[in-house]
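Just the one chain here, the form predicted alone, laid out as structure tokens.
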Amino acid sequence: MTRPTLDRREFLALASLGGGAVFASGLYGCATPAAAGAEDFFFVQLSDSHWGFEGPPNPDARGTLPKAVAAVNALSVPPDFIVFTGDLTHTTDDPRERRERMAQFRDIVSGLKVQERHFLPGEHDASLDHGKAFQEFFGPTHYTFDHKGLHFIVLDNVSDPAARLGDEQLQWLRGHLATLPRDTRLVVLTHRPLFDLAPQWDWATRDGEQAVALLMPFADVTVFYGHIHQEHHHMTGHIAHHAARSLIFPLPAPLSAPRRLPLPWNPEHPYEGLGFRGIQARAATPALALTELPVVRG
């Protein structure tokens, strides 16, 4: 069955579901030609469900992820795939409980009506065992894949509890990028930001600038990440970085509070500050169109 194409009008209709503004990422006017095999498509970024968390910041902690799955399934045009940018589960010192949470998470997201699912770990999933349990359930923690003219690179900046990519992974990235033409359209997926957003709050990757330097020769690079539980946009040179909202609780704006504590649940506006992101890629332009979507409408 041929999948329907999402046109601009439909994408704007998606934005209207959550009242979120469409955000363009990329280089409008850039002369980058369409890559071979490039087609329009649409995918979804989900992040930071922290399955296993319980507490006042989200009285519906066990209900929010299923609601997000239902919201994605209710989109008027189904995404080609989803990416989940880490912290699938909430941390626990008990290895058996960690695996139980991952199994429950896997079962819930198996209800997503999408053709592909791509996962990467967050520090809650991986920092206590260097990603061992994550790999048992979801496979490698860094890898690549292609989709309709875009090349995706998944990086792991969480399995090392020191918040580093590490020399081995940077060497892998250097070698992989060396095989690609410089006009390749790149989308990089990470959990922590690759730049120093707020190192005091662990919102940085200690050797992230080395990865950014390796990516810099490519004209069209966009980074999507999670970790900070809020929408955020940043540029390092021509490289755009976009953080997604969380599916468990929002966190304060960077360094806006004495401590990095969850924002209180608002009973008058449940699920406020939570959500996921729709991303439209078009063959005719290097810009990606982003829109923020709610877990629950209304």
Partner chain sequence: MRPPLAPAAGRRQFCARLAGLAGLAAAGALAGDALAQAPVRVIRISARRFVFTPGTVRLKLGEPVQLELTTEDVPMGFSVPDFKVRQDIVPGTTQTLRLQPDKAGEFVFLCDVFCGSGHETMNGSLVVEA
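Only a predicted model underlies this, so the values are computations on that prediction, with no experimental measurement involved. Residue numbers count along the first chain shown, from 1.
The following text describes the form predicted together with the partner chain, which does not appear among the structures shown.
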(request) Have a look at Arg206, Lys113, Lys132, Lys148 for me and say which one sits with a heavy atom within 4.5 Å of the partner chain in the predicted complex. (result) Arg206
(request) Just give me the single entry in Thr184, Gln169, Thr91, Gln210 that has a non-hydrogen atom within 4.5 angstroms of the partner chain in the predicted complex. (result) Thr91
(request) Evaluate Pro199 for contact with the partner chain in the predicted complex, applying a 4.5 angstroms cut-off between non-hydrogen atoms, and reply yes or no. (result) yes
(request) Flag His269 as yes or no: does it have a non-hydrogen atom within 4.5 angstroms of any non-hydrogen atom of the partner chain in the predicted complex? (result) no
(request) Check whether Glu123 has any heavy atom within 4.5 Å of a heavy atom of the partner chain in the predicted complex, and answer yes or no. (result) yes
(message) Would you classify Pro95 as touching the partner chain in the predicted complex, given a 4.5 Å non-hydrogen atom cut-off?
(response) no
(message) I need the one stretch from 134-142, 83-91, 149-157, 211-219 whose residues put non-hydrogen atoms within 4.5 angstroms of the partner chain in the predicted complex.
(response) 83-91
(request) At a 4.5 angstroms cut-off on non-hydrogen atoms, which residues of 159-176 are near the partner chain in the predicted complex? List them in order. (result) Pro161, Ala162
